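The chain below stands alone and is given as structure tokens, in the form predicted on its own.
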Amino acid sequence: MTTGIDRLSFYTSRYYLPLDVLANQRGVEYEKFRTGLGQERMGVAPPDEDVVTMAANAAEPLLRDGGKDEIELVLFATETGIDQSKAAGLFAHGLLGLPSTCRVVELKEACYGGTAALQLAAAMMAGRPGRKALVLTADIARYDLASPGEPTQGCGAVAMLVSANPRLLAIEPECGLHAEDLMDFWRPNYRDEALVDGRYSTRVYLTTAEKAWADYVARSGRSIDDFARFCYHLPFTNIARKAHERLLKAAGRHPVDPQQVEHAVAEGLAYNRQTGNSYTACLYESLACLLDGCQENLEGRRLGLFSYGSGCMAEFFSGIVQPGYRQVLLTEHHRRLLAERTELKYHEYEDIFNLKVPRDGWNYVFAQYRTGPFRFGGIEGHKRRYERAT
């Protein structure tokens, strides 16, 4: 019996800032963002959108046709926590109307949390045929204005139904791991914006990709030729190319053929290029993009996935694309979501950035912006209030 991703849905904010606008405001060449980072737009979450609403909005299309009663586990992975005690997943559980006979837990380890949730869900569902887990990954990447990290900001969520005998991707048991106590990126409790040593974090990412890959090869006995495509964690899309070059070199491919790199990773980059970094969600956003856009039939083919969380935790794992996978994709939904977003002017972006959630716990009602089916309605006596958008 196999376990893995039965269905997958991606969501991002209905607003974005073009990076040529940001480049002009910051007095830098747009090519630094478009070519250097591989980014074109950043998703911007309005005041009534947070990780709960994004996760619930990602999950809603998966549950429209029923099946809620089959869900007995909800794992919510995020590094944009909204409460020091209550799991964000419980808010989403209520919005989605999931059964009370359900475990609900929040997980955190920077951007790696989504992979931890997926692996845990797959392991738990292996002995529960007929039941499903809902894995939610959602984050808002936020750095100081005019900081080096600003053009990589973004937001997004991916929801995955995980089950035995999945229809999309069967997760293989072998994986390669690397854990190490480092300070390349962190977000103290007293800050809304993350802190990052950008060059060091990139160097650590690439080094741990090599180490996790080497561990995977040692455990599985497989080679780089055993894979049809690769998806990588994407703080910015060009890092996938750099990481895959490292793996090819580790496999003895000298010199590296740029066309080999493009063939392996390019089809999974388009969504992230339009949304910016979504932390726990971005690897799975890339997976959605690959499955939605790849013209080649991937049935029965192996995909390689690299997950990285600063601090740091890295994992390389793999999955087999299932027969008939295209029948359960939400390709048109994803493409329509990206096509119908609203472009922000720079001053609108800065206004939203500076409009922080009040911390005094008093009563507030938030204006309604464009969101999915669910929105963050306000605060009443220190309690967050969520509702259906009208």
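Predicted model only: the values in this text are computed from it and were never measured. So that there is no doubt, residue numbering starts at 1 and follows the sequence shown.
The following text describes the form predicted together with a small molecule, which does not appear among the structures shown.
In the model of the complex, at least one heavy atom of Leu37 sits within 4.5 Å of the small molecule. The closest non-hydrogen atom of Gly268 lies beyond 4.5 Å of the small molecule in the model of the complex. Although the partner is absent here, Pro166 is not a contact residue: none of its heavy atoms lies within 4.5 angstroms of the small molecule in the model of the complex. In the model of the complex, at least one heavy atom of Tyr205 sits within 4.5 Å of the small molecule. Contact annotation for the candidate site: Cys111, Ile239 and Asn277 all lie close to the small molecule in the model of the complex (heavy atom within 4.5 Å).
Checking Arg26, Lys32, Arg326, Lys68 for any heavy atom within 4.5 Å of the small molecule in the model of the complex turns up a single hit: Lys32. Checking Pro99, Gly198, Pro129, Gly300 for any heavy atom within 4.5 Å of the small molecule in the model of the complex turns up a single hit: Gly198.
This chain is displayed without the small molecule, yet in the model of the complex the stretch 301 to 309 from 301 to 309, 172 to 180, 316 to 324, 158 to 166 comes within 4.5 Å of it by heavy atoms.
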